[in-house]
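Next comes just one chain, in C-alpha cells: the form predicted on its own.
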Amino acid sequence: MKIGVFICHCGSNIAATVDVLKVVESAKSMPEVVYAVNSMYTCSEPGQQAIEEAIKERGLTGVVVASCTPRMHEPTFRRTVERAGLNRYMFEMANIREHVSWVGKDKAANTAKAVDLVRMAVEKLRLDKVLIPKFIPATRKVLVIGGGVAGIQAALDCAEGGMDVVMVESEPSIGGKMSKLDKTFPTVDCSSCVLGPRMVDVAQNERIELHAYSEIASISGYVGNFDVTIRKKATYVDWDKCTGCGLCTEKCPSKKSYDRFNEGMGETTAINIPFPQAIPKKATITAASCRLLSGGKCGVCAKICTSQAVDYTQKDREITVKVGAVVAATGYDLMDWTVYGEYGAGRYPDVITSLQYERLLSASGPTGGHIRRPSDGREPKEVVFIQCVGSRDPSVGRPYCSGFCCMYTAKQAILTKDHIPDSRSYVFYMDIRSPGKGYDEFTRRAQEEYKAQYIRGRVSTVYPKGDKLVVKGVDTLVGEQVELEADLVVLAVGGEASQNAPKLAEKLRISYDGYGFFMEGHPKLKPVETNTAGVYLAGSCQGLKDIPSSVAQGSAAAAKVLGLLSKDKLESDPQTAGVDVKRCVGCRKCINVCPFGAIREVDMRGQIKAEVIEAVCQGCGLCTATCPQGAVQLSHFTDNQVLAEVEALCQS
C-alpha cells in the first residue's frame, strides 16, 4: 500500500501549538507511508489540488489528512480523493485541531499527541477496504409535519418545485402561532394579511394534501422510502360535507368551552371554527364540552346542519402514506409561566401572557381588538411588561434566550399606545437583544416616539392592591427600588420545545437536546439536516426563532428536499453493519439496541439469525459494540481496524 499523509497548519489554529514539520517528519517513518507533506490550508483549492496531484504522480492508494474535525471536512476530502481516482473510503482523517491544538498550549505535548493520532489513522487506513455504495429507488413525495409559517413555506416551495406534499397539522387549522398575532415586528403590518394568503395557497395547491387535526402515529422505512401512518383525530363533523357556514356555532347552547385559539381569553361553543381565516374552514366538536357526547342530551348542531355533516359516531382513523423525505416543522410552545409564584402564578386575572395580549389586540380576538382588563373589562391606562419570563433563567431550567421576546414586547408597547393614546407602558428588561435588520431601530422607536419607559432590572413580585396590581422591582441603572401600580401586567413568556417533540423525535429517529429541540446535523454546515438521512428541520422545532428566520429555514429545508429527490434513485452510504451468520446465535441484542430499526431477525434453516437492512442502517455502531459474539461488524470501522488504532497508540 502507498499512503500519503497531509498535515494542515489551519492558519495558526494548529500551527500555533503544534510543531507541524515535526509531525510530517514522524509520518514519513510510519509503515507504508511513501509521501508526507504540510499545507497551510489543506481544505483550500490549492490544498485539494496538491492531494490530487500526489495521488496521480506518486500512485498513492490511500490518503490521511490531519486537520480539523471529520464532521466539517471529511466529505470534502473524500470527494477530493475520488476525483483523483481513489475510492472515497480509502481515506482517513486525524483531528489535530479540536482534539489537540484547541485543548492545550503545551507545544511539545500537543506535537506528540498529533503524531499519535496520525499514526492511528495510518494503521486504520492499512486495513481499509474499497466500499461501493448502492442505489435505491425514491418516492418523490415529502411529508411536512406542522402547519405553522415554517411548514407552510416548506410545503409551498416543495410544491412549486414539482413535489407532491403531505402536510400534517395537529390543530384544526394551519397557521401556527403566527395566526394568533395581531401585527408583526418590525414593520407592524397585519399578521393575518401576510399569513392568510399563504394559508389559502396551501388549501388550493393541487400538489398539497392537507391533514389537519391529525398526528403522526408511526414512521418506518428509510430515506427515499418512508412509510408514515397518520392518525386523523375524530372531529365529529364530516369535513367532506361541512361548508363552514358557521350556523352550528351560532346555535350551539354549550358556550363555555375553553377557547384554545384565543388562549383562554374568551369562551367558545362546543362546536366551533377556530377563527374566521381558518384553513380548512371546517367545524370541530370538543367532546368534553359537547352536551350530547358527554351527557347524551342536545344534538342541536346535527338538527340545524343543512349539509348533515355532524357525525357523533365518528372515531379516530388511520391512513398510511409513502414519502421520500420528511420536514419537521412542529414549532414551539410557550413556557408554563405559572411556576413563577412571584408573578401570581395564574392567580391574578390581570396578569396575562404576551400571546393572550395579542388576542386582546387582534380584531378577530374576544374583545374585537379593544384592550380590556380580564377582571372587569375596563380599559387599562398603566401597562407593565415584564421580560425574560422563562428565558435566561436557570432556576426554572430555561437558561437560553428565546430570541423574539424583546421585539414583540416593543411591538406590543407601540400597539398599546396606538389603541389607548393616553396610556403609559413600562418595560422591565434584563438586556435588549435586537440583532435583526431594523430591529434595534424598532426598539428605539418604542422608547423615543411612543414613550415606553424601559427599566433595566428584574421584578421581584406582583401583588394586588385594590383594583390595581403593584409591581415591585429594581432599576439597576440608577440603583434604586421601583414600585409601580399597574392596571395590566403582561409577561413576555419565553418559548420551549413543543410538548410532544421528544416523542416525535423518537418516531423520526432523530436527536434532540436537553430542552427538547431537535438537533441539526451540524450547527454550521448542516443547519436544516438531521442525523437521519431524509429528515429535515424548519422553524422553531430546531431552536426558537422569529418569523423571517422560520420562513428562511422552511425554504432551506425545501431546497434540501428538492435536491435529495431530484433523482429517481438515491445513493446509500456503504458504511453499514453486516452480520456473520456463522457466528450469530440469534440473541436479539443487536435488534433491541438499534435506534433505527435497521436489524431484523430471519429464519435460516430453522435457526434465528440477525439481518441488517442496509438502506435503514445509519452506521452508528451500537450493534457492533453490543454483540457478545462479535458477529456484527461495521464496514469501515471493524473490530480489527479499531484494535489496530489502539495498538498504534499503545506502542507509541
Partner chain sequence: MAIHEQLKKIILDTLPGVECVIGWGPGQDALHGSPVFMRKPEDVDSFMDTPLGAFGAVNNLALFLPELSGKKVGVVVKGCDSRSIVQLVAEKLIKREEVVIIGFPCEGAADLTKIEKALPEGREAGEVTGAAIVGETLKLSLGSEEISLGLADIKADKCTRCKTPGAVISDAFAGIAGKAPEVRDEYADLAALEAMSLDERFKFWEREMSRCIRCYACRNACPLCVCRDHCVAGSRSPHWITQTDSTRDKLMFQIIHATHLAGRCTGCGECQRACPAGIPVLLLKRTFNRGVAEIFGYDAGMDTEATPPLLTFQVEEAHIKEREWQ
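Residue numbers count along the first chain shown, from 1. Remember, predicted model here, so these are calculated numbers, not experimental data.
The following text describes the form predicted in complex with its partner chain, which does not appear among the structures shown.
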If we test each of 585, 40, 37, 602 for a heavy atom within 4.5 Å of its partner chain in the model of the complex, the one that passes is 585
- Item | Residue contact check: residue 49 to its partner chain in the model of the complex, 4.5 Å heavy atom | no
Using heavy atoms and a 4.5 Å limit, would one call residue 630 a contact residue for its partner chain in the model of the complex? yes
**Q.** its partner chain contact in the model of the complex: residue 21, any heavy atom under 4.5 Å
**A.** no
(message) How about residue 626 - does it come within 4.5 Å of its partner chain in the model of the complex, if we only consider non-hydrogen atoms?
(response) yes
| Candidate spot 589, 593 and 640, all three touching its partner chain in the model of the complex (heavy atom, 4.5 Å) | yes
Exactly one listed stretch (189 to 197, 325 to 333, 211 to 219, 575 to 583) reaches within 4.5 angstroms of its partner chain in the model of the complex by non-hydrogen atoms, and it is 575 to 583
